[in-house]
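Here you'll find one protein chain in two forms, each presented separately as structure tokens under the names structure 1 and structure 2.
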Structure 1
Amino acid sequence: MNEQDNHIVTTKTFAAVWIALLMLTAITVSVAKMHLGAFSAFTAIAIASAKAGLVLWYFMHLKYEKRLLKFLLLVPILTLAVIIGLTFVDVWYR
């Protein structure tokens, strides 16, 4: 693809993603009111990851990038996930 290629995303798509983000935010608020114990943080991070994925995929146009850039984005995300996961394991077993 040339740098001049524009990816036109319809307003309908942006509106659908925005509504999905609002729904995920509402789910986050409702789950925060539930007392899930040790799974509260995990649930909040999972929902936040889904919201970040939507923003990256549609609003930042990651959907139209080449595989190499998508892979290079996965590496720090997986590293961060491992670090957060190990932190939770450390806290749970203290």
Structure 2
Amino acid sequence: MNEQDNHIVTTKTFAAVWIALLMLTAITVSVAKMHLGAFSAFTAIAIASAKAGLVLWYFMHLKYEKRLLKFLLLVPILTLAVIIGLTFVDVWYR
């Protein structure tokens, strides 16, 4: 039994995360309306990643998990980064 490891997150924390997610959504929509050109794709991805981080860290409980699981998440993320990076090297310099 490992009930002792089970950290129960408070409703207050979850509500705060939810409000932060809604605020980030409002920011990304209004930033898109500012027509920042080439910069807009970067800000959209940055804000989406901030939201994804909040979902992973709090809703998906990663903050309270053991170190193994936190590091394991880096495996698919780094794999994707390498695949996307190498593909773009090909696309840009062919």
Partner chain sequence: MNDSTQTAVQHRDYAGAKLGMWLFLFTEILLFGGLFLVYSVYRSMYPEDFHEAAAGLSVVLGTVNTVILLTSSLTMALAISALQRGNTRQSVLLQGATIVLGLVFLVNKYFEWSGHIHEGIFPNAPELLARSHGQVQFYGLYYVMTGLHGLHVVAGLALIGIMLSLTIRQRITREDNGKLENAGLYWHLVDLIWIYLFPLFYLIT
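Sequence positions of structure 1, starting at 1, serve as the residue numbers. Heads up, when I say rigid core I mean the largest set of C-alphas that superpose within 1.5 Å between the two forms. Keep in mind the model is a prediction, meaning the values are calculated, not measured.
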Structure holding the form predicted on its own is number 1
Flag for M23, CA shift 2 Å or larger between the two structures after aligning core: no
Determine whether the C-alpha of A81 shifts by 2 Å or more between the two structures once the rigid core is superposed. yes
